[in-house]
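Shown below, as structure tokens, is a lone chain in the form predicted on its own; questions about how it binds or moves come after it.
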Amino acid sequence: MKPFKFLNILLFLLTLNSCAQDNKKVNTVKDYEIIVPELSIPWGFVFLPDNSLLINEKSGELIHFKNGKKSFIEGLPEIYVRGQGGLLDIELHPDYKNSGWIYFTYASSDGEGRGGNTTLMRAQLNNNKLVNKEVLYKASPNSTRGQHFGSRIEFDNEGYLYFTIGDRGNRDENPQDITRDCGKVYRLNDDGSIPEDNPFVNEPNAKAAIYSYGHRNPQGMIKHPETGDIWTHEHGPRGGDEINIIEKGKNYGWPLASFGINYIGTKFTDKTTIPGMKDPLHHWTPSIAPSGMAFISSDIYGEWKGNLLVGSLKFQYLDRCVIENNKVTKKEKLLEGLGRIRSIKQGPDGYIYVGVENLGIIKLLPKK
């Protein structure tokens, strides 16, 4: 064979190999697929028994997504949309098939003072309309500040209802004072009544719904699938985002103890731990601005089973946290650069679904 001809054949084979490598990269299985497109801020979402979705848009729209189509649920209360406030989390009653109760949090201007504050409501769904609406809790007083409304909702194994409200930007008065709302985790019975064994029911002037206090702005809450414990995460200021396991009557330190500093770089405390207060089991410094939280309890993702997923608003990724003995021992960034991660759920099919701002709700696919 002539050298020139051999060289051309060799170049051709190298080109084919290069194209094959490029095609291999292009055809690699995606790590997500878009399930619900074109959402702005999907603050919370939940699966109904027929596998359709109810989705809270922060702007004040409750969307029903079924068979690839969106419809809008009527009958929402008036939503106070300001800053971080709006239509927030949504959750179903543990026995939804029989009770029909849907729980959601939102900012409301009802009640004392100008502005708004976080409210918990339950309602039932009838022909794409909310009926039998009941306000179960309204934080007071209202405030015109636009930050730190919380708010997540979760039920424990005994049927108690937990929800969070941030400190509303008033760190020096609200979080450490159990006679004031805000900066707290609350616990109610499913009908909104106060459990008799709540920790502060016999404290004079205390807000009897409070279960724990000393929180800044918890925007993640989930029941551990094995222990049944309630886990939360919360925003720190500049650094000091935390993961906590919520215990009855405990003080979680904000703002007396924190790994964070003021946004301008100055310190507001020199303590990261205080005797008698609960330390976080993990903190992020610098802050990732966490939102949304879910444990992987299905077998779909292999060795990821048992891992905790936390969304980052600031750096736009999904943080996969390996948990051993209630400590984060390893982290991996997923979905980097896709967008601000706002909400996370494990669906009834065992797959993880993620609400991404200005994109929609995506399904996390296991890599093959």
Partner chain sequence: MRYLIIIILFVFTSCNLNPKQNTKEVQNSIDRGFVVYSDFCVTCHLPNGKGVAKVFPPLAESDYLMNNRSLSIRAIKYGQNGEIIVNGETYNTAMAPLGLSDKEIADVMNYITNSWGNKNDTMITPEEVSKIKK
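Residue numbers count along the first chain shown, from 1. This is a predicted model, so every value here is computed, not measured.
Below, we turn to the form predicted in complex with the partner chain, even though it does not appear here.
Engineer: Under a 4.5 angstroms heavy atom criterion, identify the one residue in Arg122, Lys278, His282, Arg82 near the partner chain in the model of the complex.
Structural biologist: Contact check passes for Arg82.
Engineer: Could you spot which one of Thr273, Thr269, Gln147, Thr227 gets a heavy atom to within 4.5 Å of the partner chain in the model of the complex?
Structural biologist: Of the listed residues, the single hit is Gln147.
Engineer: Within 4.5 Å of the partner chain in the model of the complex, counting heavy atoms only, one of 63-71, 325-333, 33-41, 301-309 shows up; tell me which.
Structural biologist: Only one stretch passes the 4.5 Å heavy-atom test: 33-41.
Engineer: Using 4.5 Å between non-hydrogen atoms, is Arg320 touching the partner chain in the model of the complex?
Structural biologist: Outside the cut-off, so no.
Engineer: Using a 4.5 Å cut-off on any heavy atom, which residues of 87-119 would contact the partner chain in the model of the complex?
Structural biologist: Stretch hits: zero.
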